[in-house]
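Okay, so here's just one chain, in structure tokens, the form predicted alone.
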């Protein structure tokens, strides 16, 4: 399995994205996100996404500058200019931090954007500034509502982060059985999906990634997960998205930031978050388990370990495809 330094991985992603038509500045922002995902152990949302992004950009017109089209003391609405949401989400969360610093609360929405990445990446950014941060986005219709075989909902993730005395406590969940990126990665690697993840175009269960891409991914958690997915879809509509997104366009990004100092002394809430994390991590594990894991802790631990090593591992097939993109030898 190829092993790349962080600088090499970043350069490979930037070259692939710029050759696909992304600006150098946006490619660097996106590459930093993808490399961080790799450091955190999230293979499906890391460098393989360059391949999917390149495919999505094929034939797309040049993006326009992002702009704030509406703003008041506690909210803002951003037109993403059809730029990738890896970039627009950073602009949106930073605008939310700016507003929340002044007023304690911020609600920021963005639309006219696509492909969002790991939501944990954005809420962690705000939590490290001291804010409780919630973020959702609706996405391209690839998920069937509970009991349906039709693609009507996105994979529609939800994330929330809480500042603590050390790393933020982050909860980041998808509302589908698997992600689109994971299915694309399985197709690229030539491996089947686990059972119960997707249905074919005819509505029958399938483990074939290509049939899943043509059919529909199933919702996570049955009716409850499908209900949360519907709520995320509606928040996307509030942000200016459409009812059902049939292509890779016009996602609706929704951010809410809250300053804990509105309700208690500045150091009290982070201390309580740290204390609760320690209580949960120190609780008795179920029989057959060694320990209790707090959401987000594994990703942060892997990031620290991989940063210390200074390298990431990359699947050989994915590395070959990225090299083709970066050098312009890919003819597909």
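The model shown is predicted, which means the values in this text are computed figures rather than measured ones. The term rigid core refers to the most C-alpha atoms you can superpose between the two forms while keeping them within 1.5 Å. Residue numbers count along the first chain shown, from 1.
If you look for the form predicted in complex with a further copy of the same chain, you will not find it shown, but the lines that follow are about it.
- Query: In terms of non-hydrogen atoms within 4.5 angstroms, which of the given stretches 277-285, 51-59, 38-46, 302-310 touches a further copy of the same chain in the predicted bound form?
  - Reply: Looking at the partner contacts, the answer comes out as 277-285.
- Query: Just one of 186, 97, 107, 91 has a heavy atom within 4.5 Å of a further copy of the same chain in the predicted bound form. Which one?
  - Reply: By the 4.5 Å heavy-atom cutoff, the listed residue in contact is 107.
- Query: Which pick from 211, 258, 193, 248 sits with a heavy atom within 4.5 Å of a further copy of the same chain in the predicted bound form?
  - Reply: It is 258 that has a heavy atom within 4.5 Å of the partner.
- Item | Interface membership of residue 176, a further copy of the same chain in the predicted bound form, 4.5 Å heavy atom rule | The answer is yes: residue 176 has a heavy atom within 4.5 Å of a further copy of the same chain.
- Query: For residue 199, is any heavy atom within 4.5 Å of a further copy of the same chain in the predicted bound form, or not?
  - Reply: Judged by the heavy-atom cut-off of 4.5 Å, residue 199 is in contact with a further copy of the same chain in the predicted bound form.
- Contact test in the predicted bound form: residue 265 vs a further copy of the same chain, heavy atoms, 4.5 Å: Contact with a further copy of the same chain, yes.
- Query: Does a further copy of the same chain come within 4.5 Å of any heavy atom of residue 180 in the predicted bound form?
  - Reply: No, residue 180 sits far enough from a further copy of the same chain in the predicted bound form that none of its heavy atoms falls within 4.5 Å.
- May I ask you to list the residues of 143-160 that have any heavy atom within 4.5 angstroms of a further copy of the same chain in the predicted bound form, in sequence order? 145, 146, 147, 148, 149, 150, 152, 158, 160 sit within 4.5 Å of the partner.
- Task: Spell out whether the Cα of residue 124 moves at least 2 Å between the shown form and the other one when the two forms are superposed on their rigid core.
- Result: Superposed on the core, residue 124 moves its C-alpha less than 2 Å between the shown form and the other one.
- Message: I want to check residue 140: does it shift between the shown form and the other one by 2 Å or more at the Cα, with the core superposed?
- Response: The answer is no, as the C-alpha of residue 140 shifts between the shown form and the other one by less than 2 Å after core alignment.
- Query: Using the core for the fit, does the CA position of residue 179 change by 2 Å or more between the shown form and the other one?
  - Reply: Yes, because once the rigid core is superposed, the C-alpha of residue 179 moves 2 Å or more between the shown form and the other one.
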